[in-house]
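The data below hold one chain only, encoded as structure tokens and taken in the form predicted alone.
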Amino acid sequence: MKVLVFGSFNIDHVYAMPHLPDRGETLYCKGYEVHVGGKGLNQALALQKAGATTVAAGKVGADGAYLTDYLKAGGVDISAVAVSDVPTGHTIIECDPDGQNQMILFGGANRVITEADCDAVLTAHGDAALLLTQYETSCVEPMLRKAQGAGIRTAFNPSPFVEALRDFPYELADCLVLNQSEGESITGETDPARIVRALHARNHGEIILTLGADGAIYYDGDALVQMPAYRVNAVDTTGAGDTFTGYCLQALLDGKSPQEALRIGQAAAAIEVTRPGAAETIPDRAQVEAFLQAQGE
């Protein structure tokens, strides 16, 4: 089943910090690494590893071959990734010893995508069963609108949160996948059950809300399903949400129940956070199945 991931492709600069710096504080980092990244890239890889036939769509700069080569090596179709004369997007990520992080994003080529680019992608891949996108690129709303109009099921990860997302037309997304902080910012609610109900009132579809160490919730207007998180020693939480998103959505596409989809997504994310990095540490399907078996499930 083909999934089209329209999203961001970034070069991640990762700094190991003694702690996350306070305002005005200067710190020496304990280590520095460069990784492939971007929510679009991460989610495309996660979907591919989960079993989807995945097409990545978006833009990189002339310096972005590092990213597209990585996607191609992972089995992702990169034919819909265009090359721009604007530099590739990049991310500065600071990680503390507890695995928490904070980021700075430079949009670069991700931010110069046009509606004509969206039309070209949908013309080439109008047979996709699902379009998944995030909010790190330009033309997100037009892409969702065009895909939905073409009869493609749409999923939206409204991340990273910015003020414009408070009034976003969420009816363009058949499925919303987001974390609790993003849900609180969009709805003004703090209770997870109230957050998913408020979001459902705006998109009338499926809501998948991740709660960090407290697990995740699925709500479609009828049943509310919650699954706890697996307890692991987190090293780096970068990419955990993207890993969960890819595996959870693919499980739903495979016909799994919401409870089973949450379980699979949680297992994949639990493995990912025990390893430093993001895209490079997304587990494959066999590793996720082995993890679940080890849990006695």
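Since the model is a prediction, treat every value here as computed from it, not as a measurement. Position 1 is the first residue in the sequence shown; the rest follow in order.
What comes next is about the form predicted together with ligand RIB, which does not appear here.
Trainee: Let me test this: is every residue among Gly38, Met103 and Ala278 within 4.5 Å of ligand RIB in the model of the complex, going by heavy atom positions?
Mentor: Yes: Gly38, Met103 and Ala278 each sit within 4.5 Å of ligand RIB in the model of the complex.
Trainee: If we take heavy atoms and a 4.5 Å cut-off, which stretch out of 233-241, 44-52, 249-257, 22-30 is in contact with ligand RIB in the model of the complex?
Mentor: Among the candidates, contact is made by 233-241.
Trainee: So in the model of the complex, is ligand RIB close enough to Glu136 to count as touching (4.5 Å, heavy atoms)?
Mentor: Glu136: contacts ligand RIB in the model of the complex.
Trainee: Indicate whether ligand RIB has at least one heavy atom within 4.5 Å of a heavy atom of Thr91 in the model of the complex.
Mentor: It does: once ligand RIB is placed as it appears in the model of the complex, Thr91 has a heavy atom within 4.5 Å of it.
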